[in-house]
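This document opens with one chain alone, in C-alpha coordinates, the form predicted alone.
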Amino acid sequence: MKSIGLYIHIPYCLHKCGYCDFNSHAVDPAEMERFVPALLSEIDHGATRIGEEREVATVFIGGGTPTTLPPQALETLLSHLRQRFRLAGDAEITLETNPATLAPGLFERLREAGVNRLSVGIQSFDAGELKLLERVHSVAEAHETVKAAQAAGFYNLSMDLMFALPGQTARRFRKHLETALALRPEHLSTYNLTIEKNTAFYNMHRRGQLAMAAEEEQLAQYQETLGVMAGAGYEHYEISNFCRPGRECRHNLIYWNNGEHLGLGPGASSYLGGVRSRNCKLPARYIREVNATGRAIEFEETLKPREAMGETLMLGLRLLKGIAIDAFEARFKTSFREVYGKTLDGLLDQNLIQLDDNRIALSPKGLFLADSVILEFIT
(Lines give C-alpha, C1' and ligand atoms only; values in the text may rest on other atoms or scores of the structure.)
Protein backbone atom coordinates (compact mmCIF):
# COMPACT_ATOMS: atom_id res chain seq x y z
CA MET A 1 0.00 0.00 0.00
CA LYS A 2 1.40 3.39 -1.01
CA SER A 3 2.33 6.02 1.53
CA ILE A 4 0.35 9.25 1.75
CA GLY A 5 0.84 12.90 2.61
CA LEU A 6 -0.73 14.56 5.65
CA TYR A 7 -1.73 18.23 5.67
CA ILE A 8 -2.69 20.14 8.83
CA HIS A 9 -4.33 23.56 8.46
CA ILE A 10 -3.91 26.20 11.14
CA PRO A 11 -6.30 28.99 10.11
CA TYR A 12 -5.06 31.92 12.21
CA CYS A 13 -3.02 34.93 11.08
CA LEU A 14 -1.88 38.16 12.69
CA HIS A 15 -3.42 40.00 9.76
CA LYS A 16 -5.31 39.09 6.57
CA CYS A 17 -3.13 40.38 3.73
CA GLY A 18 -4.87 42.19 0.88
CA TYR A 19 -3.94 39.62 -1.77
CA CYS A 20 -4.70 36.49 0.30
CA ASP A 21 -7.57 34.18 -0.58
CA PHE A 22 -6.45 31.32 1.68
CA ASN A 23 -8.64 30.18 4.55
CA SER A 24 -7.16 32.48 7.19
CA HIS A 25 -8.75 34.32 10.10
CA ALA A 26 -7.68 36.87 12.68
CA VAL A 27 -5.98 35.54 15.80
CA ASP A 28 -8.56 34.82 18.51
CA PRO A 29 -6.87 33.49 21.69
CA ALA A 30 -10.09 32.20 23.25
CA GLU A 31 -11.12 30.36 20.09
CA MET A 32 -7.60 29.02 19.57
CA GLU A 33 -7.75 27.37 22.99
CA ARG A 34 -10.83 25.45 21.80
CA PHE A 35 -9.36 24.83 18.35
CA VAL A 36 -6.34 22.80 19.43
CA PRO A 37 -8.32 20.07 21.31
CA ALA A 38 -10.75 19.89 18.36
CA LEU A 39 -7.85 19.42 15.94
CA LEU A 40 -6.43 16.65 18.12
CA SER A 41 -9.83 14.95 18.03
CA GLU A 42 -9.98 15.19 14.25
CA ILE A 43 -6.48 13.71 14.09
CA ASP A 44 -7.81 10.71 16.00
CA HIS A 45 -10.65 10.35 13.51
CA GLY A 46 -8.31 10.83 10.56
CA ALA A 47 -6.04 8.06 11.79
CA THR A 48 -8.96 5.64 11.65
CA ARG A 49 -9.79 6.77 8.09
CA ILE A 50 -6.43 5.69 6.67
CA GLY A 51 -5.72 2.72 8.96
CA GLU A 52 -2.70 1.75 11.01
CA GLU A 53 -0.88 0.07 8.11
CA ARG A 54 -0.74 3.24 5.97
CA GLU A 55 2.60 5.04 6.23
CA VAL A 56 2.73 8.84 6.23
CA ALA A 57 5.65 10.04 4.10
CA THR A 58 5.20 13.80 4.56
CA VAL A 59 3.52 16.19 6.97
CA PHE A 60 2.85 19.81 6.05
CA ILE A 61 1.53 22.20 8.70
CA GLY A 62 0.30 25.29 6.89
CA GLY A 63 -2.16 28.10 7.18
CA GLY A 64 -2.77 30.80 8.01
CA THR A 65 0.31 31.06 10.15
CA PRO A 66 0.91 27.97 12.29
CA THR A 67 3.34 29.84 14.55
CA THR A 68 0.50 32.02 15.81
CA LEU A 69 -0.25 29.02 18.03
CA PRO A 70 1.71 28.89 21.30
CA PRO A 71 4.87 26.74 21.04
CA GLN A 72 3.45 24.26 23.56
CA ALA A 73 0.37 23.76 21.37
CA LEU A 74 2.57 23.01 18.36
CA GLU A 75 4.62 20.56 20.43
CA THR A 76 1.42 18.82 21.57
CA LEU A 77 0.19 18.66 17.98
CA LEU A 78 3.42 17.12 16.69
CA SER A 79 3.55 14.63 19.52
CA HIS A 80 -0.06 13.59 18.86
CA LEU A 81 0.66 13.10 15.16
CA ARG A 82 3.47 10.70 15.99
CA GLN A 83 1.24 8.77 18.37
CA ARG A 84 -1.67 8.40 15.97
CA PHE A 85 0.03 7.96 12.57
CA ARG A 86 2.79 5.69 11.34
CA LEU A 87 5.28 8.30 10.19
CA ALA A 88 8.09 7.16 7.90
CA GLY A 89 11.52 7.20 9.49
CA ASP A 90 12.63 9.86 7.00
CA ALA A 91 9.31 11.72 6.92
CA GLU A 92 9.53 15.30 5.67
CA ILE A 93 7.81 17.48 8.29
CA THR A 94 7.28 21.06 7.10
CA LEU A 95 5.92 23.99 9.07
CA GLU A 96 5.07 27.43 7.66
CA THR A 97 6.04 30.52 9.58
CA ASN A 98 5.85 34.31 9.32
CA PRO A 99 8.82 36.46 10.40
CA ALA A 100 6.48 38.55 12.57
CA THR A 101 5.90 35.52 14.84
CA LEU A 102 9.58 34.89 15.62
CA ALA A 103 10.11 34.32 19.36
CA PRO A 104 13.25 33.40 21.34
CA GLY A 105 13.84 29.65 21.31
CA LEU A 106 10.87 28.94 19.02
CA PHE A 107 12.81 27.20 16.27
CA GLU A 108 14.84 25.14 18.71
CA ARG A 109 11.60 23.85 20.23
CA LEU A 110 10.14 23.06 16.81
CA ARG A 111 13.31 21.24 15.81
CA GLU A 112 13.20 19.19 19.02
CA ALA A 113 9.53 18.39 18.38
CA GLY A 114 10.38 16.87 15.00
CA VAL A 115 9.95 19.63 12.40
CA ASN A 116 12.75 19.25 9.84
CA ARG A 117 11.70 21.73 7.15
CA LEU A 118 10.61 25.37 7.49
CA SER A 119 8.79 27.48 4.91
CA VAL A 120 9.18 31.21 5.57
CA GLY A 121 6.70 33.65 4.02
CA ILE A 122 8.91 36.63 3.19
CA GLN A 123 7.37 37.88 -0.11
CA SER A 124 9.67 40.92 -0.43
CA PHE A 125 12.84 42.49 0.93
CA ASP A 126 11.55 46.02 0.30
CA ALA A 127 9.77 47.94 3.08
CA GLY A 128 7.45 49.72 0.65
CA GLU A 129 6.42 46.50 -1.05
CA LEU A 130 5.79 44.82 2.30
CA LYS A 131 3.49 47.72 3.21
CA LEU A 132 1.68 47.42 -0.11
CA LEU A 133 1.16 43.68 0.47
CA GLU A 134 -0.01 44.42 4.05
CA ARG A 135 2.65 42.15 5.49
CA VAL A 136 3.13 42.68 9.22
CA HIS A 137 6.86 41.89 9.35
CA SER A 138 9.83 44.09 8.54
CA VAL A 139 12.80 43.48 6.26
CA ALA A 140 15.02 43.12 9.33
CA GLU A 141 12.68 40.51 10.83
CA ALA A 142 12.87 38.49 7.61
CA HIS A 143 16.66 38.32 7.86
CA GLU A 144 16.52 37.55 11.59
CA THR A 145 14.03 34.71 11.03
CA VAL A 146 16.17 32.97 8.43
CA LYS A 147 19.31 33.29 10.51
CA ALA A 148 17.53 32.05 13.65
CA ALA A 149 16.18 29.04 11.76
CA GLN A 150 19.61 28.14 10.44
CA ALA A 151 21.17 28.60 13.87
CA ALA A 152 18.55 26.18 15.26
CA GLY A 153 19.69 23.52 12.81
CA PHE A 154 17.19 23.85 9.98
CA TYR A 155 19.11 22.77 6.90
CA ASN A 156 16.02 22.41 4.75
CA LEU A 157 14.68 25.95 4.52
CA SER A 158 12.28 27.36 1.96
CA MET A 159 11.36 30.99 1.29
CA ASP A 160 8.44 32.55 -0.59
CA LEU A 161 8.86 35.64 -2.76
CA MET A 162 6.25 37.48 -4.83
CA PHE A 163 6.87 39.24 -8.13
CA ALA A 164 4.99 41.45 -10.60
CA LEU A 165 3.86 43.78 -7.84
CA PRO A 166 2.45 47.18 -8.88
CA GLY A 167 5.39 49.42 -9.79
CA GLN A 168 7.97 46.64 -9.44
CA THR A 169 10.59 46.19 -12.16
CA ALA A 170 12.59 43.14 -13.24
CA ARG A 171 15.71 44.84 -11.93
CA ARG A 172 14.21 45.33 -8.48
CA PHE A 173 12.95 41.77 -8.29
CA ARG A 174 16.38 40.53 -9.30
CA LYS A 175 17.75 42.27 -6.20
CA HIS A 176 15.20 40.42 -4.06
CA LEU A 177 16.31 37.13 -5.59
CA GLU A 178 19.96 37.95 -4.95
CA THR A 179 19.17 38.91 -1.35
CA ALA A 180 17.33 35.64 -0.83
CA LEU A 181 20.11 33.58 -2.40
CA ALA A 182 22.70 35.25 -0.16
CA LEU A 183 20.80 33.68 2.77
CA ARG A 184 21.43 30.21 1.27
CA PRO A 185 17.96 28.64 1.30
CA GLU A 186 17.58 25.10 0.03
CA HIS A 187 14.30 25.98 -1.67
CA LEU A 188 12.73 29.10 -3.12
CA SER A 189 9.15 29.64 -4.30
CA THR A 190 8.40 32.67 -6.51
CA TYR A 191 4.79 33.57 -7.14
CA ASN A 192 3.30 36.01 -9.63
CA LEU A 193 0.90 38.34 -7.83
CA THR A 194 -2.61 37.54 -8.99
CA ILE A 195 -5.91 39.17 -8.14
CA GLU A 196 -8.27 36.68 -6.52
CA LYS A 197 -11.95 37.17 -5.84
CA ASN A 198 -13.05 37.82 -2.27
CA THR A 199 -9.84 39.68 -1.43
CA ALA A 200 -9.19 43.32 -0.59
CA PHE A 201 -6.95 43.61 -3.66
CA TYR A 202 -9.79 42.40 -5.89
CA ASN A 203 -12.08 45.16 -4.63
CA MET A 204 -9.32 47.77 -4.99
CA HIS A 205 -8.58 46.60 -8.52
CA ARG A 206 -12.25 46.84 -9.52
CA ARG A 207 -12.37 50.41 -8.18
CA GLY A 208 -9.26 51.34 -10.17
CA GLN A 209 -7.17 51.80 -7.03
CA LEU A 210 -4.68 49.04 -7.81
CA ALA A 211 -2.95 48.78 -11.19
CA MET A 212 -1.45 45.40 -12.05
CA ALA A 213 1.84 45.02 -13.88
CA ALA A 214 1.54 44.71 -17.65
CA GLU A 215 1.83 41.18 -19.04
CA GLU A 216 5.16 42.09 -20.68
CA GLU A 217 6.57 43.14 -17.32
CA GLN A 218 5.28 39.98 -15.65
CA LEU A 219 6.98 37.88 -18.33
CA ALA A 220 10.22 39.86 -17.99
CA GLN A 221 10.31 39.21 -14.24
CA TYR A 222 9.54 35.52 -14.70
CA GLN A 223 12.34 35.19 -17.24
CA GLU A 224 14.66 37.11 -14.94
CA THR A 225 13.84 34.62 -12.21
CA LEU A 226 14.64 31.66 -14.43
CA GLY A 227 18.03 33.12 -15.36
CA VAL A 228 19.05 34.09 -11.84
CA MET A 229 18.04 30.77 -10.31
CA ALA A 230 19.74 28.70 -13.01
CA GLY A 231 22.89 30.77 -12.61
CA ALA A 232 22.85 30.06 -8.87
CA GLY A 233 22.66 26.30 -9.45
CA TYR A 234 19.02 25.80 -8.44
CA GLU A 235 16.83 23.31 -10.26
CA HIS A 236 13.56 24.61 -11.67
CA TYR A 237 11.30 21.64 -10.97
CA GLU A 238 7.82 23.21 -10.88
CA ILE A 239 6.37 26.36 -12.43
CA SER A 240 6.98 28.49 -9.34
CA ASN A 241 9.50 26.41 -7.42
CA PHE A 242 13.29 26.07 -7.39
CA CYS A 243 15.58 24.00 -5.21
CA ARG A 244 19.08 22.79 -4.65
CA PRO A 245 19.51 19.27 -6.06
CA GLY A 246 17.46 16.79 -4.06
CA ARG A 247 15.61 19.46 -2.04
CA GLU A 248 12.23 19.42 -3.76
CA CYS A 249 9.24 19.79 -1.47
CA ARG A 250 8.28 16.13 -1.17
CA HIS A 251 4.85 16.95 0.22
CA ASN A 252 3.91 19.14 -2.74
CA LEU A 253 5.18 16.48 -5.12
CA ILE A 254 2.44 14.22 -3.75
CA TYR A 255 -0.13 16.85 -4.79
CA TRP A 256 1.40 17.48 -8.21
CA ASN A 257 1.48 13.74 -8.90
CA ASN A 258 -2.18 13.58 -7.79
CA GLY A 259 -1.29 11.20 -5.00
CA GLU A 260 -3.42 10.41 -1.98
CA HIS A 261 -3.38 12.81 0.94
CA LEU A 262 -5.34 13.45 4.11
CA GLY A 263 -6.18 17.01 5.11
CA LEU A 264 -7.12 17.99 8.66
CA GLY A 265 -8.18 21.36 10.03
CA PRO A 266 -10.63 24.03 8.77
CA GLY A 267 -10.95 24.04 4.99
CA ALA A 268 -8.43 21.21 4.50
CA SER A 269 -8.94 18.90 1.52
CA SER A 270 -8.34 15.15 1.20
CA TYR A 271 -8.03 12.74 -1.70
CA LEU A 272 -8.39 9.11 -0.65
CA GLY A 273 -9.56 6.11 -2.65
CA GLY A 274 -10.78 8.25 -5.54
CA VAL A 275 -12.89 10.38 -3.20
CA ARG A 276 -12.19 14.09 -2.79
CA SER A 277 -13.48 15.83 0.35
CA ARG A 278 -13.15 19.20 2.06
CA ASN A 279 -13.71 20.38 5.62
CA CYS A 280 -15.83 23.40 6.51
CA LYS A 281 -13.77 26.59 6.55
CA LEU A 282 -15.01 28.66 9.48
CA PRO A 283 -13.00 27.77 12.60
CA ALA A 284 -15.95 28.18 14.98
CA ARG A 285 -18.07 25.82 12.91
CA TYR A 286 -15.17 23.40 12.51
CA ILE A 287 -14.78 23.22 16.29
CA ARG A 288 -18.51 22.55 16.77
CA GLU A 289 -18.61 19.86 14.09
CA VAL A 290 -15.55 18.01 15.37
CA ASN A 291 -16.71 18.17 18.97
CA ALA A 292 -20.06 16.69 17.93
CA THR A 293 -18.97 14.04 15.41
CA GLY A 294 -15.17 13.81 15.32
CA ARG A 295 -15.08 15.19 11.76
CA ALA A 296 -15.95 18.38 9.87
CA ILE A 297 -16.38 17.30 6.23
CA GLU A 298 -18.84 19.53 4.34
CA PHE A 299 -18.21 18.35 0.78
CA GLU A 300 -17.43 14.94 -0.66
CA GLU A 301 -17.42 13.54 -4.21
CA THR A 302 -16.20 10.50 -6.07
CA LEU A 303 -14.38 11.65 -9.18
CA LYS A 304 -15.50 10.28 -12.53
CA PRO A 305 -12.68 8.84 -14.68
CA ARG A 306 -12.53 11.87 -17.00
CA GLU A 307 -12.46 14.23 -14.03
CA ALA A 308 -9.64 12.27 -12.40
CA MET A 309 -7.70 12.32 -15.67
CA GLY A 310 -8.15 16.07 -15.97
CA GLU A 311 -6.94 16.65 -12.42
CA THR A 312 -3.91 14.45 -13.00
CA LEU A 313 -2.97 16.56 -16.02
CA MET A 314 -3.80 19.85 -14.31
CA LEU A 315 -1.46 19.04 -11.45
CA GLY A 316 1.24 17.05 -13.22
CA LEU A 317 1.84 19.59 -15.97
CA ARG A 318 2.99 22.04 -13.33
CA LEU A 319 6.11 19.93 -13.01
CA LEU A 320 8.91 20.75 -15.44
CA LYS A 321 9.36 17.05 -16.22
CA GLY A 322 5.65 16.78 -16.99
CA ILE A 323 3.76 13.49 -17.03
CA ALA A 324 4.83 10.01 -18.12
CA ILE A 325 2.24 8.89 -20.64
CA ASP A 326 2.68 5.16 -19.94
CA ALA A 327 2.05 5.75 -16.23
CA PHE A 328 -1.03 7.82 -17.07
CA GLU A 329 -2.38 5.08 -19.33
CA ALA A 330 -1.66 2.37 -16.75
CA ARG A 331 -3.46 4.36 -14.08
CA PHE A 332 -6.59 5.08 -16.13
CA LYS A 333 -6.60 2.03 -18.42
CA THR A 334 -7.05 4.13 -21.54
CA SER A 335 -5.09 5.58 -24.45
CA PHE A 336 -3.84 9.11 -23.82
CA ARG A 337 -4.10 10.07 -27.49
CA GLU A 338 -7.61 8.67 -27.85
CA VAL A 339 -8.80 10.94 -25.05
CA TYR A 340 -6.69 14.04 -25.67
CA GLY A 341 -5.40 13.71 -29.25
CA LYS A 342 -7.16 16.79 -30.64
CA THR A 343 -6.10 18.96 -27.70
CA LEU A 344 -2.58 17.59 -27.92
CA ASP A 345 -2.19 18.41 -31.60
CA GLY A 346 -3.50 21.95 -31.16
CA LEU A 347 -1.09 22.74 -28.33
CA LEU A 348 1.83 21.19 -30.21
CA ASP A 349 1.04 23.41 -33.22
CA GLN A 350 1.23 26.45 -30.94
CA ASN A 351 4.51 25.25 -29.39
CA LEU A 352 2.93 25.32 -25.92
CA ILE A 353 3.78 21.74 -24.98
CA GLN A 354 6.58 19.28 -25.66
CA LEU A 355 6.02 15.61 -26.43
CA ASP A 356 8.48 12.76 -26.70
CA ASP A 357 7.83 9.03 -26.90
CA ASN A 358 6.59 8.77 -23.33
CA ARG A 359 6.30 12.20 -21.72
CA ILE A 360 4.26 15.36 -22.12
CA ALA A 361 5.42 18.64 -20.57
CA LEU A 362 4.93 22.37 -20.93
CA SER A 363 7.31 24.07 -23.36
CA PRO A 364 9.33 27.13 -22.27
CA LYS A 365 6.65 29.23 -23.97
CA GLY A 366 3.90 27.25 -22.26
CA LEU A 367 5.34 27.72 -18.78
CA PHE A 368 4.34 31.37 -18.59
CA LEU A 369 0.90 30.56 -20.03
CA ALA A 370 0.48 27.47 -17.88
CA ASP A 371 -3.01 28.19 -16.56
CA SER A 372 -4.54 28.66 -20.01
CA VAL A 373 -2.63 25.69 -21.46
CA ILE A 374 -3.72 23.35 -18.69
CA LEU A 375 -7.30 24.58 -18.99
CA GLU A 376 -7.39 23.04 -22.48
CA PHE A 377 -7.21 19.58 -20.92
CA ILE A 378 -10.02 20.06 -18.41
CA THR A 379 -12.71 21.85 -20.43
Partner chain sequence: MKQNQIRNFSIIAHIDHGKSTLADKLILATGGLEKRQMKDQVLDSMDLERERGITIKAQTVNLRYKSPNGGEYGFNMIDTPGHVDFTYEVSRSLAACEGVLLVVDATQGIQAQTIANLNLAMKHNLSIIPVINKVDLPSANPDSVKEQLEDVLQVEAHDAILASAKEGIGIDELMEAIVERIPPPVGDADKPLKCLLFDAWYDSYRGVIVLVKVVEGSLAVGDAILLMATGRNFVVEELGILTPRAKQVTSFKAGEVGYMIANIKELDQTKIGDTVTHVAQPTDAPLPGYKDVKPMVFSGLYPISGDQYELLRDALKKLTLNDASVSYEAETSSALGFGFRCGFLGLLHMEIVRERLEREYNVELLTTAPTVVYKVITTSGEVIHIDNPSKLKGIKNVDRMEEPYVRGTIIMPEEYIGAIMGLTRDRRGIQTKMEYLAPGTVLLEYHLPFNEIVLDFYDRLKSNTRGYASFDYEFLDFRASNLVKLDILLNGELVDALSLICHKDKVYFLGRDLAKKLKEQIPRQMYEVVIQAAVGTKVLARETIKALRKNVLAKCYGGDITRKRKLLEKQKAGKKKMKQVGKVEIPQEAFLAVLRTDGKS
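Note that the structure is predicted; figures quoted are calculated from it, not measured. Numbering follows the first chain given and starts at 1.
A second form of this protein, the form predicted in complex with the partner chain, is not displayed here; the remarks below concern that form.
Taking a 4.5 Å heavy atom cutoff to the partner chain in the predicted complex, the contact residue among 88, 272, 219, 136 is 219. Note on the partner interface in the predicted complex: the residue among 288, 109, 82, 276 having a heavy atom within 4.5 angstroms of the partner chain is 276. Remark: none of the three candidate residues (125, 180 and 232) comes within 4.5 Å of the partner chain in the predicted complex, counting heavy atoms only. Considering the partner chain in the predicted complex, the lone stretch of 74-82, 253-261, 110-118, 143-151 in range is 253-261 [heavy atom distance within 4.5 Å]. Shown alone here, residue 360 lies farther than 4.5 Å from the partner chain in the predicted complex, counting heavy atoms only.
Residue 374 belongs to the set of residues with a heavy atom inside 4.5 Å of the partner chain in the predicted complex. Looking at residue 311, you'd find a heavy atom of it within 4.5 angstroms of the partner chain in the predicted complex. When contacts are judged by a 4.5 Å heavy atom cut-off, residue 14 does not count as touching the partner chain in the predicted complex. Taking a 4.5 Å heavy atom cutoff to the partner chain in the predicted complex, the contacting residues in 305-322 are 307, 311, 314, 315, 318.
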